[in-house]
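One chain is shown next in structure tokens, namely the form predicted on its own.
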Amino acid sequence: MNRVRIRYLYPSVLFLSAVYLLLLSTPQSAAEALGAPEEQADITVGCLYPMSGRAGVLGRDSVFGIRLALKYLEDHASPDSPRLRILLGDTKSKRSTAATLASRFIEDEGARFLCGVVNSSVAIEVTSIAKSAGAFFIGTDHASSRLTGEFFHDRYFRVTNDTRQSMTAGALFIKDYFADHLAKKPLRISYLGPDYEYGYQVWTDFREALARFGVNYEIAGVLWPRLSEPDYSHYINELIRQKPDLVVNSLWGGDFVAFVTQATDTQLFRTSRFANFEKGGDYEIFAQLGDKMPLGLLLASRHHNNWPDTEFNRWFVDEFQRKAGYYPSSGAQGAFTGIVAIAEAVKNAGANYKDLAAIEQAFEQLTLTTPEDPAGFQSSMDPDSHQIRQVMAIGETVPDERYPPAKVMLGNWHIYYPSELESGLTKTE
């Protein structure tokens, strides 16, 4: 293992060691806590993230994001700012573990807020618990649009992009990027997504968006590998056999790294254009693949370390790197925004921190500046869907060594504002 790799992994090793020691020394009924002590806190928030397995990096980065949010709130605190107590729980990407932790935070620790959750199927489990308990659930990383659809409830709010927004941006990108091809014939598209809730919803939202914007396309094939699939060779060979103009892939995290690693030695990236409009452009992908990351892939994520070039985003990325020793994945920005949003909504609701109806109304009217907002734009909550409205950025992998150990980043940006993404939508959709 080279020195660069060791330096990148070292903070993670320290973090895992600290968590392990904490588990050894912490009673079963307690949880790791950040922020205000229990006796001084105005609000208790129970945060749920995977901190082990292929999705573990997103959970560990989210904890660093929460620490940055608490520092940011401390530096910008006004006399009426609420004091937050943050409890952390490792879901291990399992619904049963997340359900147990969520119930414990609410019933034993007095939490009126839950936040986090990476996996969409786990988030559906957690949102039902929050609904039953009358608690708020602030989504910071999962993306299935079903959370603001059939599983919607008054106290669920999501502060990062969902699958409908990202796949709508993808459809607009295709209409623009392949305009010359589409003027002559349909675009042949193959889709490969994880065989669970998230993958199915991405596919549904993508086809709805293509239809909404009148994109002329044909389906060359659809493939559903399981989560944590160790060997993608069968799927890669099938995609090569289908010969699509464009492969749309919705794997994420370690699964996407494994797929790209195994596909790099084949002709897939030479015979078809390759896109991932959800999480393929996450920095953790670039960091893990290094110089093995192919150029020319069409990718997006929920936060980019090199876009937008604003003072706030530079502060967030640099401060994270200074404290963690490496650059953040998108999960960190989601967790950061979730905690800042809770503090802002509670403050806006007034001094009575137990008035949950007032907090709910404040959340519906929430506007705030986040690290992923370009200059002159503020994120805002849609009061009808409780989904935050943000700008989407899709780029192409290009050489860029400013954020080691990554050797490529995204460039050649295509930017889509909410007014474009919501074009043609009705209240009933």
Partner chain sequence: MKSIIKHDSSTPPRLRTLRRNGLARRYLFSALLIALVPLGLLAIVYDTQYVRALDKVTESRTNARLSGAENLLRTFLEERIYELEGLADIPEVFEWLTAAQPGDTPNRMMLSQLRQQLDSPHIYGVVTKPAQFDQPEWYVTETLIKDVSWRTLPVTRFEGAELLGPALPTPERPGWIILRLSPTGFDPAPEAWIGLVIRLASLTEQVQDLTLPGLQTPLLVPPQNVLLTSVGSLKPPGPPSRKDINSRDFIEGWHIRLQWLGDPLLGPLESARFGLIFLAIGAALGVIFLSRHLSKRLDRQVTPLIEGADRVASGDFDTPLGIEGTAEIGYLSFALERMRLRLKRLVKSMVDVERRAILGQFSAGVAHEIRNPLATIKTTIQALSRKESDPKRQKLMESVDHEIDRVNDVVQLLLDYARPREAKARKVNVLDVVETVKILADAVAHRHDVELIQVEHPPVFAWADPSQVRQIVMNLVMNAIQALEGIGGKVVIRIRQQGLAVYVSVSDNGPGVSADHLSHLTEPFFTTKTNGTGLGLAICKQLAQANQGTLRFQSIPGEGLKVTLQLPLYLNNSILE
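Values in this document were obtained by computation on a predicted structure and should not be read as measured data. Numbering follows the first chain given and starts at 1.
Not on display, but discussed next: the form predicted in complex with its partner chain.
Note on the interface: of 318-326, 109-117, 269-277, 214-222, the segment with non-hydrogen atoms within 4.5 angstroms of its partner chain in the model of the complex is 214-222. Distance criterion of 4.5 Å from any heavy atom to its partner chain in the model of the complex singles out H234 from the list K71, K354, K185, H234. The listed set D195, E311, D291, D176 contains one residue whose heavy atoms approach its partner chain in the model of the complex to within 4.5 Å, identified as D195. Using a 4.5 angstroms threshold between heavy atoms, R226 counts as touching its partner chain in the model of the complex.
Of the heavy atoms in D265, none are within 4.5 Å of its partner chain in the model of the complex. Contact check for A99: a heavy atom falls within 4.5 Å of its partner chain in the model of the complex. Residue contact check for E150: one or more of its heavy atoms lie within 4.5 Å of its partner chain in the model of the complex.
Relative to its partner chain in the model of the complex, residues K94, R146 and Y200 are all within 4.5 Å by at least one heavy atom.
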